[in-house]
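Quick setup: one chain, the form predicted alone, written in structure tokens, and binding and motion questions come after.
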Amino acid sequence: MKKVKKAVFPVAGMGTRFLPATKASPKEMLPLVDKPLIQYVVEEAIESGIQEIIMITGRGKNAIEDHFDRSMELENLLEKRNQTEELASVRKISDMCDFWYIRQKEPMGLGHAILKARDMIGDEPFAVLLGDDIIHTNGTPALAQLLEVYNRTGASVVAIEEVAKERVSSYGIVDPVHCEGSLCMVKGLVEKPEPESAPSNLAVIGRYVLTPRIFEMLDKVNPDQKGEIQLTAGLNALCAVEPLHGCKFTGKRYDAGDKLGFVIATVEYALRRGDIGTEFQKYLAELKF
């Protein structure tokens, strides 16, 4: 069984929910305290053992490439000023792993974005991480938890978590055969079902470990009404021919693609910080609004 070494990051979306902030700047570069959203997810991938990251980008996403590249002017300035801590932090970003970039010329769905990575993935299993799902853990990273399942079973795995029944229409929901502990066997998925028709309240979250057969499935699925190729449709086809597991990960997930979720993440990540957490907590306790 081949080891998962590569991860795909679909980052070509327009980020319309954060307009006007995202008019000229990628949503993935919005700062969560002092790091852009995408860096948290990249660091999770690296900590999970990923060695190569493939970004599926689009128009206006150059800031992402620049962020993970060397900035010699900035490094030279920091070195001259003897700002060794800051210098180390910016060098670490570009040295984390190898980054590759593939252009998706128009947004045609998550499944289409993943298909763009086919030639670089080849016949290897790979991970997919969505940059606006931020998952905080005190131990094993969320992706590493999925990789543990893959290494044990050799089958594709999606991250899942329980959501309130009234919120199932905002997610892809799994139809489980059975669940045992943190692991479910999945027989199908339903994209954004109405609460009364949802097969469960187990929502798919933005972490996946997939076998290369998913490319074959995505090639066959029909585009939806918007003309997009959806990953959910590909996963439905996949679980008809080989096992698909859902993993209830341990950790707290923040939907940073939503305004309220982003603000909550900002507050809680700031409170966890050793440098500003205590003072920020004091400020919140004294806040009168």
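Residue indices: 1-based, along the sequence shown. Quantities reported herein were computed from a predicted structural model and do not represent experimental measurements.
In what follows, reference is made to the form predicted together with a small molecule, a form of this protein that is not presented.
Which of 212 to 220, 72 to 80, 129 to 137, 182 to 190 lines the interface with the small molecule in the model of the complex (heavy atom within 4.5 Å) | Stretch with heavy atoms near the partner: 129 to 137.
Taking A12, L110 and A113 as a possible spot, do all three reach the small molecule in the model of the complex with a heavy atom inside 4.5 Å?
-> Each of the three qualifies.
is_contact(R17, the small molecule) in the model of the complex, heavy atom dist at most 4.5 Å = Yes - in the model of the complex, heavy atoms of R17 and the small molecule come within 4.5 Å of each other.
is_contact(Q104, the small molecule) in the model of the complex, heavy atom dist at most 4.5 Å = Flag for Q104 set to yes.
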